[in-house]
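Coming up is one lone chain in structure tokens, specifically the form predicted alone.
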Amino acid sequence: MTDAKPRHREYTDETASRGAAADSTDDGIARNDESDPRQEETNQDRSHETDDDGPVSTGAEAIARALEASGVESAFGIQGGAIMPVYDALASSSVRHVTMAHEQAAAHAADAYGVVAGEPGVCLATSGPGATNLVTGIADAKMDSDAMLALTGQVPRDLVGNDAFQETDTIGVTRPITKYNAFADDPNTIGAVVEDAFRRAGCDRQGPTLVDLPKDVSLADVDEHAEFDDTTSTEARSDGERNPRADPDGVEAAARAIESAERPVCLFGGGVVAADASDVATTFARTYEIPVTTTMPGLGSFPEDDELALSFAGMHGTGYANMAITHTDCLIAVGTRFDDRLTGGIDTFAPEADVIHVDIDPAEISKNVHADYPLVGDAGAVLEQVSAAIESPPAAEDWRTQCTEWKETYPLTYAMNDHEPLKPQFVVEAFDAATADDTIVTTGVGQHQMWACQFWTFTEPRTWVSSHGLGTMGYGLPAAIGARIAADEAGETDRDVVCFEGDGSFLMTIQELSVAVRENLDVTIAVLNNEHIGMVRQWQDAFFEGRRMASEYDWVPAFDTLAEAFGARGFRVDDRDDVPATVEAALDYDGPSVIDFHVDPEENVLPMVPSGGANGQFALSEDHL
């Protein structure tokens, strides 16, 4: 490991050409009889590879072959008794396996890998505790509609239900948190089942899938080429794909609503990024000069340095975004499920607006916010339909002026005077200034996550990787590992990966530093150390009369020293004057580095909309809460 690395930060957007749209119900069952030319091409490629690679002899080899045929390059996991046959087969496959320190982290790494690569990430674990340790990561991916395939070992079939050693009902446990799961009970179809689960994870509305693999099935002999059986595979592939285009009559009605709007606003969600529709969405907004706000998962779907950008809305969103949402008369919402941290009180969310809701999943239409113009389909395809149907842009010059005035009235800001503690917002801004636009940012969950959202200017899709719906503390470091490997595989070895963590969040998965060191992964971790579970402390001060029960730490480790103990490079910063040079030194280090920033423990995340409150009544100071 060396101390210096070349700094080359030219952006390449190869990943923007990948990805798919959305999907189906939670059990993944939906049918589309239309053939997909892309799938036909893939089938031909698969057949060619099968012929070249020859037959397989066991269920485990069929699994490894299925992963190869699906294009899987890397997988994250931990060995164990019931999954050992699969690992044995992977040893002679082209799939790179990254051994993580904990199965939860394997799931987070696979999740992040998928977000950056635009293809499902893959994680593996053994039965029992291995599988249950994956659960948090699977649930996290489900909440954020992230594409991921989990493969779990299982006890032999004749022991299932006997409370055998390391047995748990993985199918039952994961059914509510997966898009699709399957118990593979036949060695002759096990390869097709794995292929199908991988495809389901990445198609339509994306999400996690899981295949449970009994050890005796993995060890059993299979018929030659059985995992590529045409009948089984064709039936599986035709299941779960939707028409990407919306109903034409609905599109026409939505276009008329946009034309007549006086105060239109676009709201771009994570579905825009997942569908690789950021370019289409940006063109749409710029063509009709419509101001744009995003959800947190939608950060990067529209360049935040554009004059139309209002950044993200919701609980800790910008004041100007929340003002625009509150006063718009036409909300064009694309790829969002209107979660409660975005909407606040439903009755006060966009109360004057006609709502145009574009989403691939019909189950999301009018689930939380009533859609006056429901458009079910792929984000990019539907926006192109709507754009083609619009005959004249809305007359919204005065509205754009109003949005600009709100940006000037309610800017994101913070105070940092001499002799005061270091401010976390300053650290985020320093990293943003020192890195290129294509830098990948991962975070844990807490105050640091919100400061990263607020004070980093996101201009590219697939550069923001975080835990949104589930809010999983400890997500940031394993996500950085998955993101680093995805970027490296894309040939972007000089692209920076920066992880912001809080001290409480970092301690939940700090063991994954061993993986970053072992794999020599170039990631930079900034710990915004306030010696609190900061967001809990902030809420206790605001809503529990300042009773700081179990949110303050009397002691925290020296994270720079811990980093060195793991074999990473450690830094400590207490003074703002030391921030720029230390940031540069950490970024220049060719390997994992950790900076322990000791920041103001009393700093709060503002603005803030109290839970269930009105977005237009955001608090700008603690006195407003």
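Just so we're clear, the structure is a prediction, and the values are computed from it rather than from any experiment. Don't overthink the numbering: it's just position in the shown sequence, from 1.
Note that the form predicted together with a small molecule isn't included here; everything after this is about it.
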Original post:
So which of 78-86, 303-311, 164-172, 535-543 is the stretch with heavy atoms within 4.5 Å of the small molecule in the predicted complex?
Top reply: 535-543
**OP:** Spell out, yes or no, whether the shortest heavy atom distance between Thr509 and the small molecule in the predicted complex is within 4.5 Å.
**Re:** no
Original post:
Would Asp503 count as a contact of the small molecule in the predicted complex, using a 4.5 angstroms cut-off between non-hydrogen atoms?
Top reply: yes
**OP:** Using a 4.5 Å heavy atom cut-off, state whether Gly298 contacts the small molecule in the predicted complex.
**Re:** no
Original post:
Can any non-hydrogen atom of Ala261 be found within 4.5 angstroms of the small molecule in the predicted complex?
Top reply: no
Original post:
What is the one choice in Leu521, Met473, Ala257, Val95 with a heavy atom within 4.5 Å of the small molecule in the predicted complex?
Top reply: Met473
Subject >> Among the candidates Ser278, Thr189, Gln447, Thr126, the residue which, in the predicted complex, approaches the small molecule to within 4.5 Å (heavy atoms) >> reply: Gln447
